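This document starts with one chain, in the form predicted alone, laid out as structure tokens.
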């Protein structure tokens, strides 16, 4: 799951300025993707009280959903995008009602159930599409020259859409009545229920939003990363790494941690090797659990 460009043998050795610009650009792409994944997981942990090991599955389903819509059905990419994120959100809501709600309060059973769901979806996708990676068309097929560095437009689109989605989510939570209900449930579910807030509906909404964010991340990277049945695992590991680093349930902590992980991986990729990027997340996760289990910004949603 490396976001840096593949090395080209014919390219001359880039100068320090070009390398710095590439690190800034590709670090921003990685951070944007990780932020969408982690914010959804943070909402699910902080509000729905679900440690969802199937969260990475929504990332995978989003990518395969846009492949099905755009390549198999021949829909315009925008329509395939909308259809995919909507379908994945509805799947998440259905899974919560059918599989997770009966296990409410039983954390161990919920962890096992969500892991079973993740593995089940991987097998189903492999049966339907096979093990081969499936190519997804670029939403924007072009390149932009930024301070002498040629950057694919698709990667810039990832950053732009992620910023728009995250800003829209913040405005929704901070400025709307439903957002106020979400914050009330996050802070005190029992008090929110006494005030007339339907925590059950809020929980379903959170599952939809979390899946929507993960699916959006999977769709945006699918044109330049491998779309395959096992692609859910490392995004899940990195999402949990970010949530733990940022502080369980802290949205702003998740954003900060996503930037830290995204740029750390990018720097390691450029300085050493792209094969070492997955070790960065594991090393950060190990150190945080040992040195600061509470994360960077505590555990309250909305911090």
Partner chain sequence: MQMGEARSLYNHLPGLLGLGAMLLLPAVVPDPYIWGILVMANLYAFLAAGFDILLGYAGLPVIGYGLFVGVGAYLAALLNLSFGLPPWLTVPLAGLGGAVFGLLLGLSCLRLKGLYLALASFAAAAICEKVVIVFYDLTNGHEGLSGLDPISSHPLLDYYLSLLVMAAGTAALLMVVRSKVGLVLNSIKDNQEAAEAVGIDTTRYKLLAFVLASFLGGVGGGFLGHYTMHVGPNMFGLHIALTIIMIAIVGGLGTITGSIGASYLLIILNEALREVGEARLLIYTVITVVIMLALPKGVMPPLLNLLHRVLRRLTPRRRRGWKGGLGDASDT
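Predicted model only: the values in this text are computed from it and were never measured. Residue numbers count along the first chain shown, from 1.
Heads up, the form predicted in complex with its partner chain isn't pictured, but that's what we're talking about next.
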Inset, instruction - Would you kindly say which of 115, 146, 174, 90 lies with a heavy atom within 4.5 Å of its partner chain in the predicted bound form? - result: 115
Inset, instruction - Spell out, yes or no, whether the shortest heavy atom distance between residue 240 and its partner chain in the predicted bound form is within 4.5 Å. - result: yes
Inset, instruction - Although its partner chain is absent from this view, report whether residue 205 comes within 4.5 Å of it in the predicted bound form, heavy atoms only. - result: no
Legend entry - Contact label in the predicted bound form: residue 81 to its partner chain, heavy atom within 4.5 Å: no
Legend entry - residue 53 within 4.5 Å of its partner chain in the predicted bound form, heavy atoms: yes
Inset, instruction - Decide if the three candidate residues 45, 109 and 286 all line its partner chain in the predicted bound form, where lining means a heavy atom within 4.5 Å. - result: yes
Legend entry - Stretch in contact, per heavy atom within 4.5 angstroms of its partner chain in the predicted bound form, of 164-172, 225-233, 212-220, 197-205: 225-233
